[in-house]
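First comes one chain, alone, set out as structure tokens in the form predicted on its own.
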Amino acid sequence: MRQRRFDVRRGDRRVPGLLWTPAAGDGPRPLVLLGHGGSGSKRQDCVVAMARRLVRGYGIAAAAIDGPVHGARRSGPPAPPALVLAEFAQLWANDGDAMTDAMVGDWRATLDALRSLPDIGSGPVGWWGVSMGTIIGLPVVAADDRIGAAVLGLMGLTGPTRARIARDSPNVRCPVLFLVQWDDRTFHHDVAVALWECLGSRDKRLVAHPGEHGDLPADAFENTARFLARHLALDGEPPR
């Protein structure tokens, strides 16, 4: 697997990211955009592990960018995860719609830049992002019809941008696999199911597991990779 660091410039914004592709092979190939969780970064363990599954298991490229106040968007030495999460929560509460608009623009600019690469090209695109990856990712999927399948979840119809999420959800029309942790005390399963019901996709599946917010079982990651590979298939066959 080949890993490449990149920066996308969008006006005065620098968007830091990572791209993972097979070490050999010609494009174009499908691409999955990976949204990390709160207090994480583009280098978060579950993000890199998902990229590895997609690249090595299915020949699908993957890319991630740092979220607001996360990763390389911060200045100075690395901050404790609890501080990063607190700063994100404050930003979400105080300026959530503007933050969302800015991140939607960053992701769309990133997709434009990546699709100009010869080993990516104009192939199918998917989204994978839960928790903060859905707070930001659902509006991205709603805004960009190049995204042909999405994995969302660990989030509900609640929070500072609830009205924005409610407006955007009917515009998510691609196939969706939505993950719920039934004992989640951060986003209770009632609000998670309410969000799933608002999605505009005719092909939407809700998969619930027991456990708290961060207790996704290992097979959930493989199942979501398989879901994306199936829906991003080229010529009817999952990429390899």
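Each residue number is its position in the shown sequence, starting from 1. The structure presented is a predicted model; accordingly, all values stated were derived computationally and were not measured.
We do not show the form predicted together with another copy of the chain, though everything after this point is about it.
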*Is residue 187 a contact residue for another copy of the chain in the predicted complex, using a 4.5 Å heavy atom cut-off?*
no
*Proximity of residue 204 to another copy of the chain in the predicted complex, heavy atoms at 4.5 Å*: yes
*Quick one: does residue 197 come within 4.5 Å of another copy of the chain in the predicted complex, counting heavy atoms only?*
yes
*Closest heavy atom of residue 208 to another copy of the chain in the predicted complex, within 4.5 Å or not?*
yes
*Is every one of 57, 193 and 230 within 4.5 Å of another copy of the chain in the predicted complex, counting heavy atoms?*
yes
